[in-house]
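Consider the single chain below, provided in structure tokens and representing the form predicted on its own.
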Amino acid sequence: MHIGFIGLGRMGGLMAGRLIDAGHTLTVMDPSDAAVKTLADRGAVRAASAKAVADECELVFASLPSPQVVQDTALGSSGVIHGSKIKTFVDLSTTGTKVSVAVHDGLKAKGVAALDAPVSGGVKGAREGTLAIMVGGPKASFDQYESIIAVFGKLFFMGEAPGAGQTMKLVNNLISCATIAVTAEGMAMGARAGLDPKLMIDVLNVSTGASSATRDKWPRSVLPRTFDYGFATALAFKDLRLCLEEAEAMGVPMVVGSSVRQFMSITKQLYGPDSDFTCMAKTAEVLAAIDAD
């Protein structure tokens, strides 16, 4: 199938590449010439705008960094809404429900279906096709393209309400960041007491303190001091902000979540927006006056 893909960043480029691996042809768009060239070298055709992508393809994916960029890409003056061929728009970004509803309603008025399908699993999951994809939107459109979306990983249809996938993704990222934060504090306490960090992780992973942080993030990114898990601190902070804003609008208290957002904010200030979100471990070490590097 000829598919459109907009946004070829760390995640998007790898997901687009998997579509080529699966035998599909692509029309792509991204402001980065280098990102486009990587896929053009494999046969993808470059488009100058989101509209141009939607002029060529019935199915268009997007993997973009912020809610505003997603909304502009979908509904802006050069957005996919003005494309002559598009029938379904699948947003793989994390935008929150407000933008998902706006995109759904705007495109529906033009006869275009919209699926919100945020993903979890990081760069490794995008590369290997093992992402979790949380989908909300019209079931008929999901059924039509399920086999194509499944190229990226395991699918979960969360419901037909626009933004259902986004809500699930925000819950996931809140819990993911919270486990990093509390693991970071516990590990800093142990290190301050003289315990060996690797041995601590080994103990936690066969104990009730085990989590995705101890099983995956510490062994892969924190213990080796590479801090390269593949998710930028600024993006994690954006997701936490969206989660807490939506929870507040629902009247759902986020006592722990508010603390995690503050922890992430400090990490962003200390190590910069482009740092990896596992740098929360370094933040805990700084606060505990531990020189781990």
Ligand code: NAD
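Don't overthink the numbering: it's just position in the shown sequence, from 1. Computed from a predicted structure; not experimentally measured.
In what follows, reference is made to the form predicted in complex with the named molecule, a form of this protein that is not presented.
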- Which of 226-234, 258-266, 39-47, 244-252 sits within 4.5 Å of the named molecule in the predicted bound form, heavy atom basis: 226-234
- Please pick, from Val119, Ala178, Ile149, Val112, the one residue with any non-hydrogen atom lying within 4.5 angstroms of the named molecule in the predicted bound form. Val119
- Message: Quick check on this chain: which one of Leu26, Leu240, Met29, Ala54 has a heavy atom within 4.5 Å of the named molecule in the predicted bound form?
- Response: Met29
- Message: Please determine whether Leu64 contacts the named molecule in the predicted bound form, using a 4.5 Å cut-off between heavy atoms.
- Response: yes
- Could you tell me if Leu59 has a non-hydrogen atom within 4.5 Å of the named molecule in the predicted bound form? no
- Message: Against the named molecule in the predicted bound form, would Ala284 count as a contact residue? Criterion: heavy atoms within 4.5 Å.
- Response: no
- Touches the named molecule in the predicted bound form: Gly12 (any heavy atom, 4.5 Å): yes
- Task: Counting only non-hydrogen atoms and a 4.5 Å cut-off, give the residues of 151-172 close to the named molecule in the predicted bound form.
- Result: Lys169
